[in-house]
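Below sits a lone chain in structure tokens, taken as the form predicted on its own.
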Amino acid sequence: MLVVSISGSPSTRSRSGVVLKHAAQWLADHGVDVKAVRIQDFNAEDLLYARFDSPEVTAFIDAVAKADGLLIGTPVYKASFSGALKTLLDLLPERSLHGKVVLPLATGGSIAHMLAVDYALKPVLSALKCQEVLHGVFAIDSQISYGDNDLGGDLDELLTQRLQDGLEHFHLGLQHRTNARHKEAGGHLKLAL
């Protein structure tokens, strides 16, 4: 199984990035390959001018095409996910999330921003034909502390439990998709014989 982890924070040090790293570590511990993609990995002009032929953009589109699922991490600004993330998602072909499982992870200064994923991010994912967007995990900034460890910081106990619960559902969804794809491929093989 392959998961693409997308960090939508324009900042090199971000709380949503810490949450994504914790999620990626959990998935790796459960046998899932995780490819990390960050907004900082792209030339700003390639994103702003929608340069589909940019090597970074084509590699991103290819990685998403091969992925079984996506983790999408974003800070919430002005009651919505980051504009940089929107610019990146706009580069994906229309049906690029068809058949993929997506787990949104968002961070914000207060609980008041919690619905930004439902009202802002999920419609964009739906437009990319994603049928399985899981209930996301929202973290208040105070639940995440920066640190010098490999994951960039620590999560409080409540957030750690909620993230693990979300990742268990995500992992189960990935397994269902993989099993269904194998059954479908087996059926096509029998028809070919």
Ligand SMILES: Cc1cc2nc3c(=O)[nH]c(=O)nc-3n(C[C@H](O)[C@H](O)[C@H](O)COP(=O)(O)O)c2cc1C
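Counting begins at 1, following the sequence as shown. Because the structure is predicted, anything quoted here is derived from the model rather than measured.
This next part talks about the form predicted together with the named molecule, which is not shown.
- Among heavy atoms of Asp141, some come within 4.5 Å of the named molecule in the model of the complex.
- In the model of the complex, the named molecule sits within 4.5 Å of a heavy atom belonging to Arg13.
- None of the heavy atoms of Arg95 is located within 4.5 Å of the named molecule in the model of the complex.
- The shortest heavy atom separation between Pro75 and the named molecule in the model of the complex is within 4.5 Å.
- With the partner left out here, the named molecule still marks one of 45-53, 162-170, 141-149, 22-30 in the model of the complex; by a 4.5 Å heavy atom cut-off that stretch is 141-149.
- Although the named molecule is not shown here, in the model of the complex the stretch 112-131 places heavy atoms of just one residue, His113, within 4.5 Å of it.
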